[in-house]
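Just the one chain here, laid out as C-alpha coordinates, in the form predicted alone.
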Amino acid sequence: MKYQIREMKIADIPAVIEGEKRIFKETLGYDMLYSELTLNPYAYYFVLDINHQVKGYIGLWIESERAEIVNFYVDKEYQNHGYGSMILEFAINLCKMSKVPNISLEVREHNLIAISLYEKYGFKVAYRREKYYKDLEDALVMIKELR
(Lines give C-alpha, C1' and ligand atoms only; values in the text may rest on other atoms or scores of the structure.)
Protein backbone atom coordinates (compact mmCIF):
# COMPACT_ATOMS: atom_id res chain seq x y z
CA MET A 1 0.00 0.00 0.00
CA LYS A 2 1.40 3.36 -1.04
CA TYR A 3 0.30 6.46 0.86
CA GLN A 4 1.26 10.11 1.14
CA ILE A 5 0.02 13.43 2.42
CA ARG A 6 0.08 15.86 -0.46
CA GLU A 7 -1.25 19.27 -1.34
CA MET A 8 -4.88 19.20 -2.39
CA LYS A 9 -5.55 19.99 -6.05
CA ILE A 10 -8.69 21.26 -7.73
CA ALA A 11 -9.08 17.81 -9.31
CA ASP A 12 -9.35 16.34 -5.76
CA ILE A 13 -12.43 18.38 -4.84
CA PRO A 14 -15.07 15.85 -6.04
CA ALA A 15 -13.40 13.03 -4.08
CA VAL A 16 -13.15 15.21 -0.96
CA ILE A 17 -16.83 16.14 -1.27
CA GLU A 18 -17.80 12.46 -1.52
CA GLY A 19 -15.68 11.70 1.55
CA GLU A 20 -17.24 14.56 3.52
CA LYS A 21 -20.71 13.24 2.66
CA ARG A 22 -19.77 9.72 3.81
CA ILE A 23 -18.24 10.93 7.08
CA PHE A 24 -20.20 14.09 7.96
CA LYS A 25 -23.42 13.61 5.94
CA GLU A 26 -22.78 17.14 4.60
CA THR A 27 -20.05 18.96 2.74
CA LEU A 28 -18.36 22.33 2.56
CA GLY A 29 -19.23 22.18 -1.14
CA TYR A 30 -17.38 22.58 -4.39
CA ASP A 31 -17.51 26.38 -4.49
CA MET A 32 -16.15 26.80 -0.97
CA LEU A 33 -13.33 24.32 -1.51
CA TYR A 34 -12.50 25.80 -4.91
CA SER A 35 -12.30 29.33 -3.48
CA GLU A 36 -10.20 28.10 -0.58
CA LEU A 37 -7.70 26.54 -3.00
CA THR A 38 -7.60 29.44 -5.44
CA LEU A 39 -8.38 32.65 -3.54
CA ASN A 40 -7.61 32.33 0.17
CA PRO A 41 -3.93 33.10 0.87
CA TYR A 42 -4.30 31.72 4.42
CA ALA A 43 -5.74 28.35 3.36
CA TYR A 44 -3.67 25.16 3.38
CA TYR A 45 -5.40 21.96 2.26
CA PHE A 46 -3.85 18.51 2.10
CA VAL A 47 -5.21 15.09 1.16
CA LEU A 48 -4.39 11.62 2.39
CA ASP A 49 -3.63 9.80 -0.84
CA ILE A 50 -3.69 5.99 -0.57
CA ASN A 51 -2.95 4.07 -3.75
CA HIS A 52 -3.72 7.22 -5.77
CA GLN A 53 -7.15 7.70 -4.18
CA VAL A 54 -8.22 10.42 -1.74
CA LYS A 55 -9.03 8.74 1.57
CA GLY A 56 -8.99 11.78 3.82
CA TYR A 57 -8.05 15.42 4.06
CA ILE A 58 -7.32 18.32 6.35
CA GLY A 59 -7.87 22.00 5.74
CA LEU A 60 -6.26 24.77 7.78
CA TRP A 61 -6.18 28.51 7.92
CA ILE A 62 -2.82 29.83 9.07
CA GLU A 63 -2.44 33.53 9.77
CA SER A 64 0.31 35.35 11.63
CA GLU A 65 -1.36 35.11 15.04
CA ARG A 66 -3.42 31.94 14.86
CA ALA A 67 -4.22 28.75 13.01
CA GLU A 68 -7.50 26.89 12.71
CA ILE A 69 -8.37 23.44 11.43
CA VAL A 70 -11.34 24.01 9.14
CA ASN A 71 -12.15 20.38 8.36
CA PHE A 72 -10.54 16.98 8.78
CA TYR A 73 -11.54 13.40 8.08
CA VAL A 74 -10.17 9.96 7.29
CA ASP A 75 -12.43 7.43 5.54
CA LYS A 76 -13.88 4.88 7.98
CA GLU A 77 -12.01 1.95 6.39
CA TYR A 78 -8.70 3.68 7.16
CA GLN A 79 -9.51 4.88 10.68
CA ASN A 80 -7.66 3.28 13.60
CA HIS A 81 -4.61 2.64 11.41
CA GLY A 82 -2.63 5.75 12.38
CA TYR A 83 -3.58 7.88 9.37
CA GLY A 84 -5.54 10.41 11.45
CA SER A 85 -2.56 10.84 13.77
CA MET A 86 -0.24 11.20 10.80
CA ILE A 87 -2.35 13.95 9.20
CA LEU A 88 -2.87 15.77 12.49
CA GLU A 89 0.87 15.67 13.29
CA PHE A 90 1.57 17.01 9.79
CA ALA A 91 -0.80 19.94 10.39
CA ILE A 92 0.61 20.66 13.85
CA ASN A 93 4.17 20.67 12.50
CA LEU A 94 3.15 23.02 9.69
CA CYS A 95 1.69 25.39 12.28
CA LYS A 96 4.83 25.18 14.40
CA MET A 97 6.97 26.02 11.37
CA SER A 98 4.64 28.97 10.72
CA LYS A 99 5.36 30.13 14.29
CA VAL A 100 1.73 30.65 15.27
CA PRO A 101 1.07 30.59 19.02
CA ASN A 102 -1.84 28.14 18.89
CA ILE A 103 -4.14 26.05 16.74
CA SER A 104 -7.88 25.69 17.24
CA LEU A 105 -10.72 23.56 15.89
CA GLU A 106 -14.38 22.79 16.43
CA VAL A 107 -15.59 19.26 17.05
CA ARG A 108 -19.04 17.82 17.68
CA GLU A 109 -19.47 17.33 21.41
CA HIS A 110 -20.50 13.68 20.87
CA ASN A 111 -17.60 12.79 18.55
CA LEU A 112 -15.65 11.06 21.29
CA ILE A 113 -13.22 9.36 18.90
CA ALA A 114 -12.12 12.70 17.42
CA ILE A 115 -12.01 14.38 20.84
CA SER A 116 -9.79 11.57 22.13
CA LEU A 117 -7.41 12.02 19.18
CA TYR A 118 -7.22 15.78 19.73
CA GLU A 119 -6.62 15.36 23.46
CA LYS A 120 -3.82 12.89 22.70
CA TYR A 121 -2.08 15.73 20.82
CA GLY A 122 -2.57 18.30 23.57
CA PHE A 123 -5.75 20.03 22.49
CA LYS A 124 -7.89 21.21 25.39
CA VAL A 125 -11.55 22.25 25.42
CA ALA A 126 -11.70 26.04 25.64
CA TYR A 127 -15.44 26.61 25.33
CA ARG A 128 -18.69 25.38 23.77
CA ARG A 129 -20.58 26.80 20.77
CA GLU A 130 -24.22 26.01 21.33
CA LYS A 131 -26.28 24.67 18.41
CA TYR A 132 -23.31 25.16 16.10
CA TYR A 133 -24.10 22.42 13.58
CA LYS A 134 -27.09 22.22 11.22
CA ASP A 135 -28.62 19.49 13.38
CA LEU A 136 -28.22 21.85 16.40
CA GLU A 137 -25.54 19.76 18.10
CA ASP A 138 -23.09 21.81 20.14
CA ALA A 139 -19.47 22.20 19.10
CA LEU A 140 -16.52 22.11 21.46
CA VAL A 141 -13.79 24.56 20.57
CA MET A 142 -10.43 22.96 21.33
CA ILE A 143 -7.11 24.77 21.37
CA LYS A 144 -3.53 23.54 21.39
CA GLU A 145 -0.83 25.94 22.55
CA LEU A 146 2.25 25.74 20.35
CA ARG A 147 4.56 28.15 22.23
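Remember, predicted model here, so these are calculated numbers, not experimental data. Start at 1 with the first residue shown and count on from there.
What comes next is about the form predicted in complex with a small molecule, which is not displayed.
**Asked** Within 4.5 Å of the small molecule in the predicted bound form, do we find a heavy atom from each of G29, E36 and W61?
**Response** No: none of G29, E36 and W61 comes within 4.5 Å of the small molecule in the predicted bound form.
**Message:** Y44 versus the small molecule, in the predicted bound form: is there a non-hydrogen atom within 4.5 Å?
**Reply:** Because no heavy atom of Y44 falls inside 4.5 Å of the small molecule in the predicted bound form, the answer is no.
**Prompt:** According to a 4.5 angstroms non-hydrogen atom cut-off, is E106 in contact with the small molecule in the predicted bound form?
**Reply:** Contact check for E106: yes, within 4.5 Å of the small molecule in the predicted bound form.
**Non-hydrogen atom contact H110 with the small molecule in the predicted bound form at 4.5 angstroms** = Taking the distances in the predicted bound form, the answer for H110 is no, it never comes within 4.5 Å of the small molecule.
**Item:** Any non-hydrogen atom of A15 within 4.5 angstroms of the small molecule in the predicted bound form
**Value:** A15: no contact with the small molecule in the predicted bound form.
**Answer option from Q79, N102, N40, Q53, heavy atom within 4.5 Å of the small molecule in the predicted bound form** = Of the listed residues, the single hit is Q79.
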